[in-house]
Each structure stands twice: as C-alpha cells, then as structure tokens.
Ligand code: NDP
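What follows is a single chain, given as structure tokens, in the form predicted on its own.
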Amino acid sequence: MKLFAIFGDPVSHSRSPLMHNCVFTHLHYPACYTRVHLQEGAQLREKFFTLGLSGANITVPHKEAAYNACDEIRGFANEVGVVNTIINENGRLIGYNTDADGFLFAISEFDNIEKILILGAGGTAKALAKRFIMEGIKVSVINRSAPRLAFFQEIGCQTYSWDTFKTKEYDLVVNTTSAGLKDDNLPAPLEIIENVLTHTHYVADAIYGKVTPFLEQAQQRNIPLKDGADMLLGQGVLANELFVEHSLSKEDIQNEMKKSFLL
C-alpha cells in the first residue's frame, strides 16, 4: 500500500485526498492519500521521508520550497522553479509542475484569450505566466510590491505594483493569491479590483470550494467566471498519472476524479 499526501498551510480545506482516494478505490490501485499541515516549507523534505511517502502534492505557500526540496526537476517545473507534485523515485525526490496545464484545461471553454492579467506573484502565478507566454498570450502581472516581480519581467510580462498599476483591456483576469481562502480579503485594493473588472471579459480564481470576495465582485457585474475546481481537477489528473506511474488510463482517472466532486 503506497501512501501519498498533500502539504500546505492551510490544508484542511483540500479536496485532494477525496479526489485521489476516489481514483485509488474505484480503480483498485493499492494506495491511500492524506493531508499534512506544514507550516515551515524548509521541513518538507524531512517530513516526506519521515512519513514514508511515495509521492505528494504541494499547495500554498510551499511550492517554491518544494522545488528546493527535490533532487531532480523534470518538465515544465524547470521553467518556473515551482513544484506542486513530488515523486519518490528510489529515495530521490523528483519534482514536477502540473498546475499550469491544469489551468489551461480549466479555461479551455473561454474564447479568444489573448491578454491576461494575473493578480499575485507567488508560485502559482509563476507557473501560469510562463505557460501562458509559451501559448503566445500577452501577460500582465500585478503584485502588492515590486521585488517579487523580477521573474515576470525576465520572461516578458508587463508588471505593476499596486502603486504603479495602469489598467488596460484584458480577456481574462486571474487571482492566484490566497486572498479569500480563509478571510474576506480581496487580492488587491477595491479601487484596483473594480477597475480591472470593468476591463475584462472573463474572471478566474485559483481558490475553489467557495465564492471568494473577488468572485463576488465579478458576479455583481455579471462577468463569466470560474473558480479553481476545474484547475484542481486538471492538475490532479496529471499528478495522479505520475503517482500510479501511468499504469491507469488518463480517461479512467479523470472520470473517477470528476465523481469525487459530487461527494
């Protein structure tokens, strides 16, 4: 019986155990998935081995710490320095990033996305910004302060702090911050949020399972929106493929994971 887990702070809200255990149970794969509340990202590697894990997912705020915890980074995670999935491969931790492709899956029903504004500059924002640029999308990023914006400038994003922000027209505005996850905060001052919401066709939030204050603002303006549920599903399917070493079909994994959202 293999053991998998999700690390985060907070983590009690996570649907990942339900999603992955639904796959393991119904597809008869000998594994179990649990949650681990981790406050210090620097302790991730030690905790992983102490628990005897075969793999793990990582959520906020530890995705960059997870990158540093790995012995080897593969695929898209190399492009962004951010890891959300770790596999134990013969005692070596191998890091991957499934967030970005999961998000592309989530917004696939939105039409003609050419210009995106990202709110926040953390690990999720880095992964999405890089992936969007690879798709030929023009990306702008706004963050509370300027120091965290260097990565985005280097990959070709237009960047702003709250003090320097100038609104343009966007096809999609995405909140990648944790604002609204366990509080009633907005990801930027209300004046900025009101401004960008009058200049976008669609809105998305990486947070799932609740209507955040940011999404409430979008609802009031009748803007088509999505929470993070589809992103969660998309990245979860890709992560599970890695967990089971591709011994189960992606279609079967996705079908079982979808069922977990009805529970």
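One rule holds for the numbers: they count along the sequence shown, beginning at 1. Nothing here was measured: the structure is a model prediction, and the numbers come from that model.
Although not depicted, the form predicted in complex with the ligand is the subject of the following passage.
Proximity of Lys138 to the ligand in the predicted complex falls outside the 4.5 Å heavy atom cutoff. Taking the partner from the other structure, the ligand in the predicted complex has a heavy atom within 4.5 Å of a heavy atom of Gly228. Within 4.5 Å of some heavy atom of the ligand in the predicted complex lies at least one heavy atom of Gly120. Within 4.5 Å of any heavy atom of the ligand in the predicted complex lies no heavy atom of Phe110. Taking Ala31, Val60, Leu238, Leu197 one by one, only a single residue has any non-hydrogen atom within 4.5 Å of the ligand in the predicted complex, and it is Val60. Of the listed positions (Ile73, Leu181, Ile193, Ile133), a single one reaches within 4.5 angstroms of the ligand by any non-hydrogen atom in the predicted complex, namely Leu181. When contacts are defined as a non-hydrogen atom within 4.5 Å, none of Ser12, Ile86 and His246 contacts the ligand in the predicted complex. Contact with the ligand in the predicted complex, defined as any heavy atom within 4.5 Å, is confined among 73-81, 153-161, 86-94, 172-180 to 172-180. Contacts of stretch 142-166 with the ligand in the predicted complex, defined by any heavy atom lying within 4.5 Å, are made by Asn143, Arg144, Ser145, Arg148, Trp162, listed in sequence order.
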